Structures are given as C-alpha cells and as structure tokens.
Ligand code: NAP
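Only one chain comes next, encoded as structure tokens, the form predicted alone.
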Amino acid sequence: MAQFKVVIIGAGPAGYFAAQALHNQQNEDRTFAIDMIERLPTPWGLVRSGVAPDHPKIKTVAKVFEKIAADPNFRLFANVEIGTDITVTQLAEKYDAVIIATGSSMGKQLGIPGENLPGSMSAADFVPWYNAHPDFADVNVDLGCDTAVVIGAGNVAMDVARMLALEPSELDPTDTADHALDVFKKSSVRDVYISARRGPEHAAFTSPELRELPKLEHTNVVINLDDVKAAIIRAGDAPEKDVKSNLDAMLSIAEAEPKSHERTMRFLFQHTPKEIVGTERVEAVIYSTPTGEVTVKCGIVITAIGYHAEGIAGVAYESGKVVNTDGRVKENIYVVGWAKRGPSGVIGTNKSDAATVIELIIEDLHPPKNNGDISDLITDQMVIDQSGWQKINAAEVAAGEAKGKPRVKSVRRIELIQLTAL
C-alpha cells in the first residue's frame, strides 16, 4: 500500500474539508498522511474568528473538524507562518501535494474620498476584533456616536449591523471577546443603517438571516415597503428561488407592525456611497440615489463589500485569489476555498469545492516521495500541535462554563501559547 504525504496550508473550513475529502479517497491501495499548517495558535478559521457570536449553531461544524483531526494520520502545526518560518517551495519538495486553504482575509476598499478618516473601517477588521482574533485585539472601535452606517448587502454586512444594533446584554451568553463586549456595553449607537448599492432583489443576504431579524427582542428592523414592492415588480413573474425567498422575507419585515424599541436597524437600498465626509473623523456618508443625493449623518462607517486573499510568496495571485485552473495551481500545488474561488458561498460550500479538487490530486499523483516532511524544516518556533490546541480549547470552554458562555477566548498569542503548557 502506498502512503502519500499531503500538506494543507490553513486550518479553516476549506482546509478541514480538504482533509476529510482525502480521508474519503483512501482505499486498499493508498492512504494519506496529512499535515495541516496554521499561522495562528488556534485552528478553525472563520468558524472561530468570523461567525457572529450570536449564531452559535453555525459553529457546531467544529465538531466535524475535531473528528477529522482525531485521525492518527493527521497532524496540526499551528503557530507556523508560511513565508516567514517556511516556504511553499520547501513544502512542494517534501510533499506529494500542497493544498493552499488560506481563505480571503483582507477587506476590499470602496475607493471613495474620506474612506481613510478615523471612524471608517472594514468589516475585515471589525469582525475579527469582536471575535477575539489575536491580530485585531488592539483595533480602535469608537462607538461614542448615536448612528452607525454599514455599507454592503451580504451576510457579513448583516452580521456587523446586527452586532451594532443588538442590546449588548444579548451578547452576554455568547463567546464575544471580552474587550469587544466592554465597548458594546458603553456604545451610544442607537441607529444602524445598512446600505446597498442596488435594489432588494439583488441583495446577497440569505433568507434565513433575514427571517431571524424580526426575532430581535430589543431592536426595530425597518425596510421601506415601497422599496420591496418595486423590487418584486423588477424581479418579474418567475424570480430565482433565492431571490423570491429573500423578497418574501423582506416583505414580511416591511409589512410588520412597527415596534418602539430604543435601537433600530434600517435598510437603505439603491444607495451608492460617493463620499465619506468629516474634518477630523467620520461625520456623514453622502450617497447617490435614483432621486438625488442623500446625506446620512453618522460617527462610524463599516464597509462589508467583499474580501480578497493575502498573497503568499511563490504563488501567483490575481483579482484577489490564487491563480488556478479548477484548483490546480502549478506542479503539485493546489488551492481550495475562498483562496481558489473568491469569497462566495457559505461554510458548507467548501465541502463540495474541496472534494472536487481532491479528485484532481488523485488523478495527478506520482509515486510517493520519500523526502521527509515539515518536521525537517521547523526548528525554533513554538509549534502548537493538536494536543496543545486541545488544552487551549479545554481551558477556554472551562472559563466559559463559569460564566454561562460557550467559551471565553484568550486573545493574546502569548496567553494562547501559555495555555498549551497546562
């Protein structure tokens, strides 16, 4: 029986689903030894640092990841950075296949005046800040204003707007980062606008997200009924299933009896941002609309208009993703997930995507290499293996149990590394 060595760069959903697909391709003729490299001290990617804390059910996919990691042929090498500690070229020499699963972590820019004013930031900074990502613990989030604007029409924009518009005590039983919870509890924000460049029929929200909004106990949700009716007409008699589901959900919100809570989330459609204005910090957003310019006064603007992948030395990138043909990059290097196709789909989309790429790897396999592995390349840095991660996980969960939360995340790298010594 031949055993092939595969290394996966990135310990998020795309990486774990790639490992799962490899396991599923094992038979009496071949097995796979899988090494997974992660830059952070902790795995799980967006499941840990991207999913909104008030959506804990989505995070249960981590149980699948842990089952994959329990395979005796799987090893985790966290706290190892590609390009600094080790290179893709070195890995390609050692392994039969290298799979890039690094996701897309950098927020796209609007490219309008005022975007760099204090008080203007990307969801790519805001979301990991409230999710306890070590690299974003010191992001300055000032919520000392009464109005916030979120620019974008996808689920990330929805998450951001909801986090801003929630009554902060609703986050007490979640794993929101402690430093973020303190800021939310002192927040003066009472009005949150979520603005979309196009009409409701083009919004990239998913209908389950929309249908949850009326369940918010302390927040009014406002969608203009005329906007939805006009969108229904534009969508025609036979709209796509997802479009119809979204429009039905929005119509339900727009027709609902108004509530009188202290906090409000308002949807603005067909509002194209032209300029963010202010002297020393954000004071307003100027929009172009079908009926003329509209100015929305606010103290913070968060853009959620998409992501692009951060580059890796030795790998070609274009339009925010790894240059590839159906997942093949070059020689024995492949790519899966957002780094392959761009930031689209939900977590589960990565499963079918990874399975397709693994089939290509199977087609391309040569006789197994006998060149050693990552252990030959790593010397000085503090590697966190699966047992180290399990210690971090257990400590965070235990701290959470004491406070009625799923976990209390440690934020600083040094704290996370120290937990592995327990």
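All residue numbers are counted from 1 along the displayed sequence. Predicted, not measured: the structure shown is a model, and the values here were computed from it.
What comes next is about the form predicted in complex with the named molecule, which is not displayed.
J.: E209 versus the named molecule, in the predicted complex: is there a non-hydrogen atom within 4.5 Å?
T.: Yes, contact at 4.5 Å.
J.: In the predicted complex, is there a heavy atom of the named molecule that lies within 4.5 Å of any heavy atom of D175, even though the partner is absent here?
T.: D175 lies outside the contact set for the named molecule.
J.: Would you please decide whether Y307 lies within 4.5 angstroms of the named molecule in the predicted complex, comparing each non-hydrogen atom pair?
T.: Contact with the named molecule, yes.
J.: V282 versus the named molecule, in the predicted complex: is there a non-hydrogen atom within 4.5 Å?
T.: Answer no; every heavy atom of V282 is more than 4.5 Å from the named molecule in the predicted complex.
J.: Within 4.5 angstroms, counting heavy atoms, which one of the listed stretches 94-102, 336-344, 131-139, 317-325 is next to the named molecule in the predicted complex?
T.: Careful reading of the contacts points to 336-344.
J.: Which one, P273, P168, G299, G278, lies within 4.5 Å of the named molecule in the predicted complex by heavy atoms?
T.: Selected residue: P273.
J.: Could you check which residue among A204, V222, I86, V189 gets a heavy atom within 4.5 Å of the named molecule in the predicted complex?
T.: None of the other options qualify; the answer is A204.
J.: With the named molecule taken in the predicted complex, which residues across 92-117 come within 4.5 angstroms through any non-hydrogen atom?
T.: Heavy-atom contacts within 4.5 Å come from L110 alone.
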